[in-house]
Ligand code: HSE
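The chain below stands alone and is given as structure tokens, in the form predicted on its own.
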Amino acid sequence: MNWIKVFAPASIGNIGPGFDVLGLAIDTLGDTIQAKKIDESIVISEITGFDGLPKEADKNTVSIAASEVLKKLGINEGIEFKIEKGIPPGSGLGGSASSAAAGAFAANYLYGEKFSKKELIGPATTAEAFVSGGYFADNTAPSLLGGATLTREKHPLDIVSLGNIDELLVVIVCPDFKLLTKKAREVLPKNVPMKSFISNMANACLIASAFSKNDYNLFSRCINDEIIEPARASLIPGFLNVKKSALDAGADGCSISGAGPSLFAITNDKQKAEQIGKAMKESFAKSNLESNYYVCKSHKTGTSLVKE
């Protein structure tokens, strides 16, 4: 078989208050891989886009996820991969999960498409856990399925697709430094006040309802995280000022994307979206951090074959 090309979108884990439960696939950013069958073993022959990513098959989420799929299929043959990394590592945009989703999808496609995309979430999440230090699907599920997803249970995985919000524009601002998920999880509180727990639970439920109803106005009321965001704010230089700049520029909500350091803000106005991105970028600059911003929409289809 000739080379195939697969694209897996970036994602926003948590979507604010939905820690380890809610996730959203976004367009504009993502990982692209090429893959083909080989006689044996899994090989990564090329990585472009960002430096420092491992080519060893037992250390890269692309190859780990593919290996998990081949095990489930009972296949002893192999795959060669070429990876074009489009998501900055350690950015909080589901980079390792996107790679895992692409690897799992490619392996399944090359060897007969025996599994649905939903059935690939397990192998992809196992691979992503190697990097993140925890088994959670709030990035792998939306990257594979598209749109917003909810993880009800991890063992066994129970994933629900929530849908999309057509009006939604997501402004992603990615500062130029890495914040690894393992470090971000170390600062999580061991005890949570009941008031904060109730607030987060209510907002997470409302987010699920908003996506199910395709209702931007409902969603705009929900981006308030009283538990995880305050714990992680100190890990992101200038966070409070950057968030304030987003809200002052007209954002209807702003929070940390996944483990950070990227932030996301929401609006349904294209002109405001550009203003929000520029304001957040300027605010990061005041903390001596270069950053890039992207105006995105929900990626509706998730991981898919790229037809050329």
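One rule holds for the numbers: they count along the sequence shown, beginning at 1. Since the structure is predicted, the reported quantities are computational estimates derived from the model, not experimental observations.
What comes next is about the form predicted in complex with L-homoserine, which is not displayed.
Engineer: Please name which of the stretches 257-265, 35-43, 273-281, 62-70 has residues with heavy atoms lying within 4.5 Å of L-homoserine in the model of the complex.
Structural biologist: Contact-bearing stretch, as computed: 257-265.
Engineer: Does every residue of 220, 225 and 252 put a non-hydrogen atom within 4.5 angstroms of L-homoserine in the model of the complex?
Structural biologist: So, no: the whole triplet misses L-homoserine.
Engineer: May I ask you to state whether residue 181 is within 4.5 Å of L-homoserine in the model of the complex, using heavy atom distances?
Structural biologist: Residue 181: yes, in contact with L-homoserine in the model of the complex.
Engineer: Using the partner position in the model of the complex, report whether residue 136 sits within 4.5 Å of L-homoserine, counting heavy atoms only.
Structural biologist: Flag for residue 136 set to yes.
Engineer: Would residue 19 show up as a contact with L-homoserine in the model of the complex if we use heavy atoms at 4.5 Å?
Structural biologist: Contact with L-homoserine, yes.
Engineer: Could you tell me if residue 82 has a non-hydrogen atom within 4.5 Å of L-homoserine in the model of the complex?
Structural biologist: Because no heavy atom of residue 82 falls inside 4.5 Å of L-homoserine in the model of the complex, the answer is no.
Engineer: Going through 287-306 from first to last, which residues have a non-hydrogen atom within 4.5 Å of L-homoserine in the model of the complex?
Structural biologist: The stretch does not touch the partner at all.
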